[in-house]
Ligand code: SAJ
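Just the one chain here, the form predicted on its own, laid out as structure tokens.
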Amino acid sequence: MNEQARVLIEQIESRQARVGVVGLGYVGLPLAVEFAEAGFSILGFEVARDKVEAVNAGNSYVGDVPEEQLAAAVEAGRLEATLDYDRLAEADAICICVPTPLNKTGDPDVSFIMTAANSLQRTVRAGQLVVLESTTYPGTTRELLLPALAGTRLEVGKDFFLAFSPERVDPGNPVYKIHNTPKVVGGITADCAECANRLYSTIIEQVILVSSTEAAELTKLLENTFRSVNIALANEMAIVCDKLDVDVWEVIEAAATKPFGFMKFTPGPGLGGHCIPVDPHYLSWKMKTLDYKTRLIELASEINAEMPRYVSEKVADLLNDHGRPVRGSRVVVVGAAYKPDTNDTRESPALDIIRLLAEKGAEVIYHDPMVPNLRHEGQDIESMPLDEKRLAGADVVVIVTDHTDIDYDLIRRSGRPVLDTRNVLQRPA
């Protein structure tokens, strides 16, 4: 280990290192607060002024960060947010947690990473550690981030240190948080990996070192592609069971009694969130550049993407069974978030279901205790209270997201036709 790495590790272990977090969203803000609670001084970087102002006022906009926890870190002087990216030079360790969406053609959009890289190119100095956490395709750290930083005439692994460590945030998970979710780290060099290892070991119980940044990048893609493929299988099985007039939930529960060789996945109205609907496309895109088609990944994505349309067609069938056309019918969609007990609507299938039903002429309202309002088709719409009067006026109820804080017994008692995409009404009360 060279002297620069030793000095940085001493700063980290003594909590003298200042940590910079680029991007204060669902990944970055919880990470910043975790480091602050571990005794580090944190500088958070954002491009959104409202987020900077909220953080500095101690106001949390991320569900997994309690307001009192954020406020305590700010009041203690351990956390500050800024719009000034030139202050990256003040940080000894920098974690990049920026969005990596897909563009309109389905290709990876790494513009946010490159914006961060350009800022670092102006400010990087000897003795700094830079870790990319944003999910992306294998090779991004070495092929995009490293050249931007190496152009400063500093040598990676000697003057500065570069690593990749994929975020594993699961919004709303009551058990697994940052501190008890194992962290995968891969460095450009062994010293890069060790510096990142020492940094994350201050806040995380277990750090797993892999041999390269590419291995770390691919680890995250495998995790979410595994889920995408298995959810697609469950979704297709739901369609198969529907056509055979068999209860898919009964079949899944019976299969899940096998103590080996089976892992339970359940069907749903479609995939949501930033990770599972998006991440497999990074791998698929990368392999196309190497003249290989990831057929299973692409087929799984296709099946999952079609589920909102399948749900809207099932709604039409259910209305037809009760002598009602879709046009003019009142549909109550229960749940707008992409997963239970969060307010996250990113890529939520509920948005597609609302759109598809509205396009067929239905009058659609939604109820979600976690999402008081949302932007849909250029309009702001509000969550409606779920009460006897509103349910009595509904022609059909569609349960899309199974939040804990919803009165499902009220839905049962209403006697209205229900399409339950989560099987929540069959669970014990």
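Quick caveat, the model's predicted, so the values are computed rather than measured. In case it trips you up, residue 1 is the first one in the sequence shown, and so on.
What follows is about the form predicted in complex with the ligand, which we do not show.
With the ligand left out of view, the stretch that reaches within 4.5 Å of it through heavy atoms in the predicted bound form is, among 126 to 134, 263 to 271, 283 to 291, 108 to 116, 263 to 271.
Shown here without its partner, the chain carries E167, Y338 and R422, all of which come within 4.5 Å of the ligand in the predicted bound form through at least one heavy atom. The ligand in the predicted bound form comes within 4.5 Å of a heavy atom belonging to N224. Not displayed here, the ligand is approached by I231 to within 4.5 Å at the level of heavy atoms in the predicted bound form. For the chain shown alone, K220 is a contact residue for the ligand in the predicted bound form, at least one non-hydrogen atom being within 4.5 angstroms. Of the heavy atoms in A81, none are within 4.5 Å of the ligand in the predicted bound form. The partner is absent here; in the predicted bound form, the one residue of C275, L351, A93, L319 having a heavy atom within 4.5 Å of the ligand is C275.
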